[in-house]
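Provided below as structure tokens are two forms of one protein chain, presented individually as structure 1 and structure 2.
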Structure 1
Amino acid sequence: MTVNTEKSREAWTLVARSDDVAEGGRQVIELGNDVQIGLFRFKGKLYAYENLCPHQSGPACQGRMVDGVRERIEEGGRSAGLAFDKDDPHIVCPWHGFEYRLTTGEHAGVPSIRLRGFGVREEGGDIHVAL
């Protein structure tokens, strides 16, 4: 069972079967009323975000998935260059390239900008999202 209750609310909605979201995969689901969510599984945990980039409303959850980049710092504080970080996957909005951390929904450079997240619950082979 996976429970990500960071933004949990009272009303849980069945959105998918567990088999629909493979490890490292995603599903974009239409919920009606012009609301779509992107459902992702990373390291066994589920994440759900509204499929709407806060920049200019692009379908952020349908963008490429890339590893984040971090600066390697040597002892003494000297930069050893940049490296890809497989533990920090990013979602890249296909319209203008805004990058969001999969595990938090935060923009990679400006954390105050973020995707709208939803709580996720997985039980008995079903995935529910708190709307």
Structure 2
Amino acid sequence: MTVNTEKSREAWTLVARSDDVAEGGRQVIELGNDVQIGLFRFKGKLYAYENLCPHQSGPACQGRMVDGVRERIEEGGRSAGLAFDKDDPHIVCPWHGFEYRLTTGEHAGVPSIRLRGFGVREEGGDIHVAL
């Protein structure tokens, strides 16, 4: 069972089957009340965010999933170029490129900008989200 929530008092909604979200994959779901959420699984853990970018309301959860970029700085301050960080996957809003850390929903550069997150509970092959 995966529980990733601080919102345990909220209503739990059955949103998907466990098989719908593969490791490293996603499932973007319409809940029927004008709310869309994106479910993501990384290293076995599930994450849920509203499909609404705080920048201009773009569909952030439907964007490209790509590892975060790091700049490698050597001793003396010299740049050794760019590299992907496989431990920090990002979701990129396809409207304007705002990048969010998959594991926190925070903008990769300015954490005060963040996707609205939801608690996730996985049990008996079902995925519930706290709405």
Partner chain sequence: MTTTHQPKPLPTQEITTRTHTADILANARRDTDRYGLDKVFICDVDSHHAELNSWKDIISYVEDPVLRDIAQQMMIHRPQAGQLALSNYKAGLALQDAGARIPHQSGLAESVPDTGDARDVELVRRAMDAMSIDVQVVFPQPMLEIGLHPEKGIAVQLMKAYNRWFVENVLPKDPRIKTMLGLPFEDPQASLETIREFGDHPDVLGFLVTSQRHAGVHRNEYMPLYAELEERGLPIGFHAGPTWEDSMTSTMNRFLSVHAMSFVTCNMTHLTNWIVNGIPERFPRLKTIWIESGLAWLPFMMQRLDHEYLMRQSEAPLLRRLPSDYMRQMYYTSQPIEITDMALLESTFNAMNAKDTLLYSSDWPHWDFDVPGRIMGIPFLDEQAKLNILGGNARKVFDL
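Sequence positions of structure 1, starting at 1, serve as the residue numbers. Superpose the two forms; the largest set of C-alphas matching within 1.5 Å is the rigid core. Bear in mind that the values here come from a model prediction, so they are computed numbers and not experimental data.
Which number goes with the form predicted on its own? Form predicted on its own: structure 1.
Rigid core superposition, Val28 Cα moves 2 angstroms or more between structures 1 and 2: Comparing the forms between structures 1 and 2, which are aligned on their rigid core, Val28 does not shift its C-alpha by 2 Å or more.
Can you give me the Cα shift for Ser79 between structures 1 and 2? Core-superposed, in angstrom, one decimal please. Spelling it out: core superposed, C-alpha of Ser79 shifted, distance 5.1 Å.
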